[in-house]
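Next up is one chain by itself, shown in structure tokens, the form predicted alone.
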């Protein structure tokens, strides 16, 4: 993670998202621009964050680590969205961890203004809108996982999580997220390799035929 000091870039994103309109007071003095590389931690699981984030571009994954060490993928976050809003509202440590899947750019709000945020009706109304859209997206993803075969779900998952054309998520976590057995997952991955859609490499699976993978994800094949 690193802070971006470019005022021009800051202003560009500020204007693009009309960020001041999300708040009923001047949030600019509390806001900075941060960049996260893939696999950088945005929210540390089990710790309290002093910042509220707004994802401007990129993609992140939400996960939880169980007492036995098993990691479960919970959800994926795509711009634009807030990160850490529930922890801020509930005044609690992050029960879920959040890491960058791809390079991410975020506005970071110093929560020294937390009392003002929680009394700001403009911010709270906008936050409710974001939360409702996030809930609707979660319901749609769940319904999709129930309605489509693994081939379709996996193609969509690979496109979602791949970084620079390389898919490298852990099989155990993927299988649990998609609600299938480890063996079934490996079987479909092997089919994709056999069909020339993916290529297995020492670093993961390289996407060879992206358009065909998109067609599978859309249910057209």
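Numbering follows the first chain given and starts at 1. Fair warning: this is a prediction, and the values are worked out from it, not measured in the lab. In this text, the rigid core denotes the largest set of C-alpha atoms whose superposition between the two forms falls within 1.5 Å.
Not on display, but discussed next: the form predicted together with the DNA.
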From the list 64, 41, 166, 186, which entry has a heavy atom within 4.5 Å of the DNA in the predicted bound form? 186
Note which of 180, 33, 160, 27 lies within 4.5 Å of the DNA in the predicted bound form, where distance is taken over heavy atoms; exactly one does. 180
Within 4.5 Å of the DNA in the predicted bound form, do we find a heavy atom from each of 149, 172 and 200? yes
Please tell me whether any heavy atom belonging to residue 22 falls inside 4.5 Å of a heavy atom of the DNA, as the geometry stands in the predicted bound form. no
Although the DNA is absent from this view, report whether residue 13 comes within 4.5 Å of it in the predicted bound form, heavy atoms only. no
So, superposing on the core, is the move of residue 152 at the CA at least 2 angstroms between the shown form and the other one? yes
Taking the rigid core as the frame, does residue 205 move its C-alpha by 2 Å or more between the shown form and the other one? yes
Distance change of 3 Å or more between the C-alpha atoms of residue 152 and residue 59 in the predicted bound form: closer or farther compared with this structure? farther
Shorter or longer C-alpha distance for residue 173 and residue 101 in the predicted bound form, given it differs from this form by 3 Å or more? closer
